[in-house]
Each structure stands twice: as C-alpha cells, then as structure tokens.
Ligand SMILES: Nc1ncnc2c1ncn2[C@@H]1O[C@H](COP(=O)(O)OP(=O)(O)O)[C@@H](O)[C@H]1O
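Let's start with one chain on its own, the form predicted alone, as structure tokens.
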C-alpha cells in the first residue's frame, strides 16, 4: 500500500456557489436603494486528500457538508472555484475526457438508469457509450447482474424494479467498463441487509483488484468495516482524516459501562456521582438505565458492580461499550449523521 500509485488527488479544492441577487422591490427603485449581493455559499473549502490504488477512502459528513459536491468535481460534473483535482494523473478540467474514461460514478438516487429499458438493455447502452466490444459487454453485464442479485430480473423493465434494485443496477452501470477509480455516493442506501452485505463484499473485491474507491456513506458500521481511511468533512472543510481505529483513539473517548439497575436509585446516584455521565429515565418495572465511564475496561466494570451491590442496588444487566466511529464523529463535528443513538 505504501508504494501504490495515487489515483485520486485533490489539492486546495474549493467550490463556491453564488447566491441569487434578490429582486429590487418598487420602493427600492423609488428610494434609489441598491440591493446588496449576498455572500457566496462555500460548499467545499480548501480540501486536500489522496486515495491510492487498492484503497477505500470513506468521506463522512452531515447533510450539506460538501461530500456530493466533492464527488461531482472529481467526476468533472462541476468545475472547482479553486484548487485542482486529478484522476490517474489527469486534471479534471484540462483532461476531462481522459478522467471520464477512468472513473465509475454512482450518485445517490434512482435516476442513473433508464426506466423504460430493461436492466440488461441499460448495461448494453452504457457499455457502448464506453466503446466496449459487444462480447465484453455481455460477459461483464452478466457477471455484475449475477453478483448483485439482478440476474432473474435482468430482462424486466427498470420501472418495475424496487428502489433497492435500481440502486444495484446503478452500481452495476458504474462498474461495467472496469474503471480504475470508483466514486460511490451512498452505494448501500435503500438496500436490504443481504444486498448491502453483498455490495460491501464487492467493494472489498474491487479493493483487492487495485481499484481506488472514494465512498460517501452515512453508515458508520460500513465505514469502519470497509474503509482503509476515513475523512470527516464538516461545513466544507476536512476536519479529520485517518484510519477508523486511529480516529477513534485520537478522539480520546473512554469506554462506557451501560447498566440496568433495580433498587435504591438515590443510593446508586450517590455511589456513582463522581463517574456518572448519562442517566436514563426510570422504567415502568422500577429499573433504571445508567452509563458510567470505564477507563480500565472490565476491571472498572467489576469495581462499579461491587460498589452498587454494597449499596443494596441490584445490577440486572451490564455491558461494556467501546468507543465507536460514530462517537469520534460526534466529538469532532458536534453533530451526528442520522439515525438514533443506542438507547441505554
């Protein structure tokens, strides 16, 4: 990996969108008042990153953080306001044709394919647009349709597909010409668990084949499982970048012990007052959920349980929860990507 060629490179990449100037109202004209021009929206702000061959790079960020704008600039669909983007050494502005021939792009949503054609016909058309030989199209399309679970519906019209099936066909389209670089925007969104797992396995296969993959995702488990490195983007800026385990460690978040208790709640609170970080609501059956810091792991858990038992509080259930990538993300950005926290 250390000597693999860099296939995706950005340096100081920036994109600003001009806001529309408000219309002048009649009284503005009468009073000869000018309408101020609003400041531009900075969607991506001075981002420098790289992805090597055989590497999966996860780009994480809340909605509106700039993830899709980054992918659109890398795929030549948007011109950067400043900075450079290179794919396989080709500049996204000066060598746009060479860049397009070397990338497979999948954006979130269902409109990447033609609904009035069958799945197989879609792949045939996109293969011809990439100047692929007919036999290569048939072989490659058949393999992708089989792997992504679409073989039985390959000759059905896409308008009859479910959202997840359209998503998988969109992924097959981006992989058809076997590009060295893949830009995948939420590739497992709307997929059922089995299809999402198959997609993650496919991404790992592509990684083993030497592809460079830029993956945007809201799924923290997916990022932790699939990505070699993760970049966290917030308000257009890359605020952190490292291996998932290193990001978690650098956030300095201690493990926490989640307890389900019954008994004298006031005694439990007094015993754990120095360490308690989160307290839940008392349950209908009289139990209470509580979480305390556990810097020494299970040794801490044993000490906490012993203290509570001595205070006459019954520990019904205990679980040690290690810090996760979501914890690191929240600490670094002050927000979360979506979904709900695990209740305690």
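Computed from a prediction, not measured in an experiment: that's the story for all the values here. Numbering follows the first chain given and starts at 1.
Not pictured, yet referred to below: the form predicted together with the ligand.
Heavy atoms of residue 308 never reach within 4.5 Å of the ligand in the predicted complex, leaving it off the interface.
For residue 58, no non-hydrogen atom is located within 4.5 Å of the ligand in the predicted complex, even though that partner is not displayed.
A residue is said to contact a partner when one of its heavy atoms sits within 4.5 Å of a partner heavy atom; residue 43 meets this definition for the ligand in the predicted complex. At the 4.5 Å threshold, heavy atoms of residue 62 reach the ligand in the predicted complex. Looking at 49 to 57, 65 to 73, 314 to 322, 300 to 308, the stretch with residues near the ligand in the predicted complex, meaning non-hydrogen atoms within 4.5 angstroms, turns out to be 65 to 73.
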